[in-house]
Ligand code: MV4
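In the block that follows, a single chain appears as structure tokens, in the form predicted alone.
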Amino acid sequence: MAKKKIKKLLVANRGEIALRVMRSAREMGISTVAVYSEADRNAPFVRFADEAVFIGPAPSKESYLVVEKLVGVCKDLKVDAVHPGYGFLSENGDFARALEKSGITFVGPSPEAMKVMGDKLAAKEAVKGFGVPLVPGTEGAVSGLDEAIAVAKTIKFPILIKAAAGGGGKGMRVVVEEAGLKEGLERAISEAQNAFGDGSVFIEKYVAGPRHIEVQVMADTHGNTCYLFERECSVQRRHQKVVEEAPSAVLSPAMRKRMGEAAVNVAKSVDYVGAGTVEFLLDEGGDFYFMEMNTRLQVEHPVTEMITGLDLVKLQIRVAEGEKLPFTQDELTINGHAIEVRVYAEDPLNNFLPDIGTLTTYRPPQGPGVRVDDGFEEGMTIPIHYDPMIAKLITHGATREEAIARMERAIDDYAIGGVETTLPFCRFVMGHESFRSGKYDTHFVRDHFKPEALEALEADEFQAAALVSGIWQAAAVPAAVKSTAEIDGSPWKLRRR
């Protein structure tokens, strides 16, 4: 691939990821273009960009997902390349092809690689000859109930029915016995069809007590593919990650090497280029199985950056320019430990349902080892049209214990008012013995979290608030000075949550 220096980069995304990509591009001397919907007119990423173009109404299908509009902006502003971020069109092969036809560089893998890895059945077929371990199950889509029964009897219950074109837990059903197979199959097919326009499903052996381990890979156009170690993503709700850490607390150096090499082989199976993430299930016996590959930058990429000292966005851009990776596998090392929590506008006391509103207070934490990737400011409203993530809070320490302690301090220092957030839940996770010991799996929420746990913590915080308030009153604080408890009675906000 010939080298092609990128001078102007359009970021086909919004919020924190758009801002994060633009910052790295600016450090590289690349000018940036933002595209924005009506809902994002006053967002920080729009102001940060060198140029910004309005592309339509708030609904993403009328703005951020309209390929023709984005390609048109690129042509009008003589854009060299597009970074898709994550979500939206980041794994859309048609978008990448449209850019390619217009002579615009797509910062990501080939459309062909995206297509194969975007179909779980095609992905399993692609990696089969590369020695990558697979969960026992069907090799193709299930044709009907009779085949499903035959397969289930062979691999034994419980089984997992999964949408071939799926993701995010949609089109997924666990079936523990034959009596529930018909309903589970029908519901999975229906949900897959509604969510992805493809009702194809397949069956796998359900792995009990699994850990969700993913490996970051980076590949250039010169045949170099490296793994940048792993991330543990087992704390989830509704099959969506909330807490991630790197490295995993349970992988030995030998296991890390095996999983890393397997991830590299997955990438090589489709001649992968750029940044990608290979996801595995790790069972209680120490065996791991390939799940899928995400052909883009992950939400949780900062924890990998923190332990490697690498800027993944800059690497993506340099690879897209035709540069070689500036390191070999042997030169990569793990430095300390990093944890990320996703700060969603959701109410953990109400089954993590979105809690949209205006940020009446917004003050992110600071200090040693703390990083905040966000896209909001005080006074802004969380739009109802998009994912309700406010920010990603990341901490880094020399040890896992230090990273956890810093995360607890950072959560306590984070002041958000006007909406409920996942911060109280994340604080609960940090303090839970299962997490602190590293002995947890993807069933953490089911097994350990109940809303009453947060209510109990709130009661403790309220008592602490009352004590502090009493001390202040006893010290004859001037009437003009109000305690935090008087400003806002919420004990979570008292501790600047």
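When you see a residue number, it is the position in the sequence shown, counting from 1. This structure is a prediction, so every number in the text was calculated from the model and none was measured.
Although it is not shown, the form predicted together with this ligand is what the next lines describe.
Stretch 285-293 is the contacting one of 285-293, 360-368, 322-330, 300-308, since its residues have non-hydrogen atoms within 4.5 Å of this ligand in the model of the complex. Site residues Glu204, His239 and Leu281 are all in contact with this ligand in the model of the complex, judged by any heavy atom within 4.5 Å. Although the partner is absent from this view, Ser37 stays clear of this ligand in the model of the complex, with no non-hydrogen atom inside 4.5 angstroms. The closest heavy atom approach of Ser60 to this ligand in the model of the complex falls outside 4.5 Å. When this ligand is considered in the model of the complex, Lys162 lines it closely, a heavy atom lying within 4.5 Å. At least one heavy atom of Gly169 is located within 4.5 Å of this ligand in the model of the complex.
Checking Arg427, Arg406, His212, Arg342 for any heavy atom within 4.5 Å of this ligand in the model of the complex turns up a single hit: His212.
Exactly one listed residue, out of Ala81, Val135, Val270, Leu312, brings a non-hydrogen atom to within 4.5 Å of this ligand in the model of the complex: Val135.
Using a 4.5 Å cut-off on any heavy atom, the one residue of 412-450 that reaches this ligand in the model of the complex is Thr442.
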